[in-house]
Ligand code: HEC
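Form predicted on its own, single chain, as structure tokens, below.
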């Protein structure tokens, strides 16, 4: 359990923190010029976390990401931790690593149709992938997570991105949920349970039901789930399933009930939603018919887009 203390980091201090971490490279962070002029970079190891107040914030942020529901029980309402998807403390290639993420924010997010800060992006994970509630932007816990992510960006030029981001796509196939059920029963249920409730082994999250990720999570899109399964599951033998088996498992998982996502119809306000998005939004119609479960405090499960500080055009 992470000690919950009053927020002591001012907005100015938070801004300085991000700026310093983006510009300063500690020991253990590799950055060199390659022959073609690009920057070769690798993230700093945990041994480079300083032994000071900043280091304490970085370690708290890492601990929150590892144990999110225990650390934030009033906000993280599912059984998932941040590291359920961002494996190996958000460092693992092929599992949506968060290396260099702070160096890429603020950025335009097409799902929102606006430029957002990294705190909003964290809250999209809180409300969508963790099916929880948005965390106060200036809380100490939020800034601790930003501190850890900023640590993973040390030495990377602002606006650039390292190689091997995201989850590599796999060849498109038709998934068969009946075959997927059989693969799930023999390969996945040993950790996640036959009824998907999770927790059969420590830290194995629920894959459907009230304590799983919401319909608004990227993992609720079949192509994303298939790619994640193909590269990372089962955890004891990652990469052992075929592309077809991964699509079949994803098809089975994506037939199951999961939490709704309030205001999901407002996603992609400028259009351009990916074909696999399992709900209707601007210019996109979905035939998905799975059962959606109600959310606790749905008004707190929505992250509003940035608004002007002053009204009236001045």
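Owing to the predicted nature of the structure, the values given are computational and were not obtained by experimental measurement. Positions refer to the first chain, counted from 1.
There is another form of this protein, the form predicted together with this ligand, and it is not shown here; the text below is about that form.
Contact with this ligand in the model of the complex, judged by any heavy atom within 4.5 Å, is made by just one of 77, 122, 147, 215: 122. Checked against this ligand in the model of the complex, the residues 152, 103, 227, 233 give one hit for a heavy atom within 4.5 Å, which is 233. Contact check at 4.5 Å (heavy atoms) against this ligand in the model of the complex: none of 262, 290 and 301 pass. In the model of the complex, this ligand sits beyond 4.5 Å of every heavy atom of residue 244.
Within this chain, residue 203 lines the site of this ligand in the model of the complex, having a heavy atom no more than 4.5 Å away. Though the partner is left out of this view, residue 143 does not reach within 4.5 Å of this ligand in the model of the complex, counting heavy atoms only. When contacts are judged by a 4.5 Å heavy atom cut-off, residue 87 counts as touching this ligand in the model of the complex.
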